[in-house]
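Just one chain follows, in the form predicted on its own, and it is written as structure tokens.
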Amino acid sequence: MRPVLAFLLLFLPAAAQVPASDQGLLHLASTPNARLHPVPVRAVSLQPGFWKSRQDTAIRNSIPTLLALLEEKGTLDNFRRLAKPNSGIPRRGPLYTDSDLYKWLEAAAWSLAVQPNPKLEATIDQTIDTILAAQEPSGYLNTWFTGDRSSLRWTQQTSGHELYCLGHMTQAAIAYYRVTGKRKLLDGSTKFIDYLVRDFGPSPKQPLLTGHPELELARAELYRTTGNRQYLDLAAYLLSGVERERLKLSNRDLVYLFSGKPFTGRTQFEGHAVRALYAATGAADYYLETGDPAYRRTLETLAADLSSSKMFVTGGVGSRASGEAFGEPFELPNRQAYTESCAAIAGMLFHQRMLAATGDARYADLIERALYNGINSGMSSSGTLYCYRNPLAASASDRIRNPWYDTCCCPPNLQRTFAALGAYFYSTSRDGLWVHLYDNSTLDWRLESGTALKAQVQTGQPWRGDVQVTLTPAKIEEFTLYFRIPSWSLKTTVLINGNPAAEQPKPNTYLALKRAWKPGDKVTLTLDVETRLVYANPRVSEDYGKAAIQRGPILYAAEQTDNPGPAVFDLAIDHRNPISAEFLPSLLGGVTVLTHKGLALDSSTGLYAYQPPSASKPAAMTLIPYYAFHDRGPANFTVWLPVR
């Protein structure tokens, strides 16, 4: 290393000195308030099983077909027309379509870490060239606010999505840099942000507002990537909410946008669900870097508000179609649930940061609930149909799965989640390795002591409870293995090399196993995947007297396709009879289905009556995993069933 370069590196944060390929999905290696540090996407290889099937589908089917649709719908032409002003190409799509392409780029970038693909990489490079050819010398880049609309720049900050698009551009750039080492898109997004840093901020600069929060978390990650403190300071300014007066924000703006007032003054999640959760995620990133206690208190308050009264049993969030918004506490409807796929992903990202800050298993449990259910439902088994909303009941007339939406935020958001999936499974800390989620996978990374470590997980999850972890450290070394014991596993057994572990596992905690580990050591967990009824808080009026059915991490639904008898809305659980489970390899790519001798409610008595409906008729019912609803076509389905 040249002496001058070595001298300059001394003044960069340690995070900025780590090679790009070693930087995690979140690069928290030197983040002062992160207890856990995610591993790089490339460090985890999913092996044949539940999640590899989903990841392969996203990479092989979803990413290529969505690019074709982005071309067909004019999203790439929106950039090409700016590079050739006299081309006559019209601007197509809503004002935020730039972000759809950026999210696709991020998904495609992470996919290269999983399955190298020179042809796709060349396509990404060409797409980046197309994007940057439209960038102005100042750094500004947005295909909507150009030409006749140039005078409108920064005049519609509550609805214009300029910073939202920039945030996703930055995240795509960081992903591609970490996978390939290529900086072209990263330099382009940095150029745009440097323009913001120069011209926007507290008076006398121009005011700035994230009308759709997202830039906050992108700025924090750019700071971790570059070491430039100005980017973190910009996130702090956006979260400070100091510009209400200059931007003339109404009370409705403050609620709906979840922006425009100090983040530390928030006491509940409200307004647009995705905006609110992205804002909280960015605030969590800011806390991780600064340790500001006011932010910590606010984050914990919001996390409790979400999990105690505003989250669906599927891990989805967002109760109202109007404003795509949170409702009041315990306002959790079923057919009317909005539960946008992007909102479930935003909730997972928020809990990912909270897990990194605390090491608290409750957050990993919420990640798992959303991932297996309310996120997984967003993409069909073919990988070409997507859910914008994910209700908990619907009729055959509802067309919930579609190949394209004019507001096409969810499909690429789902793709980037599945492409980078392995990086959510593991973390490291100063004292060891953490295992958050269980699926067939191989971790090839290192402990924070520097010792190389391989961990191979073999499991039947989510259908069976057997989990075996084989360790191969480069040398015998003492460290702690943290295994998450899910909340649904009420009876868990743990063996170390065939011998019972000394500590009794407890649900919804991490089991800490500290010892001198050597190559070939095996830890065997047997998780309790018994089928259970889940009951809602009695304040959730729509689910009072009903139960959902869960087996392991999977929520189930009764769909008319499998129940040719009474309408599924008339079915009831008979508490006297057991629920049986059977794995069917030929159904829906291989799933465990549940069968039950339930009851049929009598719905022929008229709209109202002076006696409760009878439930005397036996009715066999079959239930499939919720995430597969409408996968075989529209049909009546429901998650919550009366219990008699």
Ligand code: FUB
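Numbering starts at 1 and follows the sequence shown. No experiment lies behind these values; they were computed from the predicted model shown.
Beyond the structure shown, there is the form predicted together with the ligand, which is absent from this document and is the topic of what follows.
Put simply, K310 is far from the ligand in the predicted complex: not one heavy atom of it is within 4.5 Å. Put simply, E324 is close to the ligand in the predicted complex: some heavy atom of it is within 4.5 Å. Taking non-hydrogen atoms only, W488 never approaches the ligand to within 4.5 angstroms in the predicted complex. Looking at V274, you'd find a heavy atom of it within 4.5 angstroms of the ligand in the predicted complex. The single contact residue among F200, F330, Y96, W445, judged by any heavy atom lying within 4.5 Å of the ligand in the predicted complex, is Y96. When the ligand is considered in the predicted complex, only one residue from Y388, Y140, W154, W463 comes within 4.5 Å through any heavy atom, namely Y388. Per the 4.5 Å heavy atom criterion, the ligand in the predicted complex is contacted by stretch 334-342, the sole one of 334-342, 556-564, 78-86, 474-482.
Here the marked residues H161, Y164 and T407 all reach the ligand in the predicted complex, each with a heavy atom within 4.5 angstroms.
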